[in-house]
Ligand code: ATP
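The form predicted alone is given below as one chain in structure tokens.
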Amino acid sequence: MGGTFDPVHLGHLIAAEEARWRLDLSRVLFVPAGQPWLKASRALSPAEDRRQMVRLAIAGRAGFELSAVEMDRPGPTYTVETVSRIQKELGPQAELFFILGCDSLQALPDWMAPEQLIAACKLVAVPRAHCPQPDVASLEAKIPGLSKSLISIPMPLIDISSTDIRRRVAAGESIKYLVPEAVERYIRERRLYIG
């Protein structure tokens, strides 16, 4: 499961757990983005802060692990390259699934080498509040073979977004029950997202 995780929140954890449970995955790797090329125009929190928030969020949760594969390399990061690196680390026998929100799935034609990505792993699409169901036929026309690689899983719709959490922190509003307590403490102690 990749993302900027700026910050990681309970919606991420719920999506990861639903995918792990429904697909009987041995583990879910949380892969915080280093320098995501699609978000180059937006200022991100320092990579180390985002890594630490993920570490705190998944601490003690069975089946969840942190992978710094994107953060440990310089330059822009691309999902297709990340999946390839993880496949090399785990070996050819490992079957990979990439968990992404329906909004990211809709943007997949704009990603680097989406055809290679769907050949390298299964895509696990999770619904998001305020995100319409993706038009799979339209996506298939742009990325032939996508539908064979796509698994859509149901999950509770949790209307939490990192954008809203950042806005709430900047406005002095509570983020309790939106992020794990340890992440809330970290944000407060490090004074993240404040002006």
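Don't overthink the numbering: it's just position in the shown sequence, from 1. Computed from a predicted structure; not experimentally measured.
Another form, the form predicted in complex with adenosine-5'-triphosphate (ATP), is not on view; read the next lines as being about it.
Of the candidate stretches 97-105, 115-123, 82-90, 67-75, only 97-105 has residues with heavy atoms within 4.5 Å of adenosine-5'-triphosphate (ATP) in the predicted bound form. With a 4.5 Å cutoff on heavy atoms, Ser152 does not count as touching adenosine-5'-triphosphate (ATP) in the predicted bound form; it lies far away. Although the partner is absent from this view, Ser161 contacts adenosine-5'-triphosphate (ATP) in the predicted bound form, with a non-hydrogen atom inside 4.5 angstroms. Although the partner is absent here, Pro180 sits far enough away that none of its heavy atoms falls within 4.5 Å of adenosine-5'-triphosphate (ATP) in the predicted bound form. Using a 4.5 angstroms limit between non-hydrogen atoms, Leu192 is distant from adenosine-5'-triphosphate (ATP) in the predicted bound form. For the stretch 111-129, the set of residues having any non-hydrogen atom within 4.5 angstroms of adenosine-5'-triphosphate (ATP) in the predicted bound form comprises Val126, Pro127, Arg128, in sequence order.
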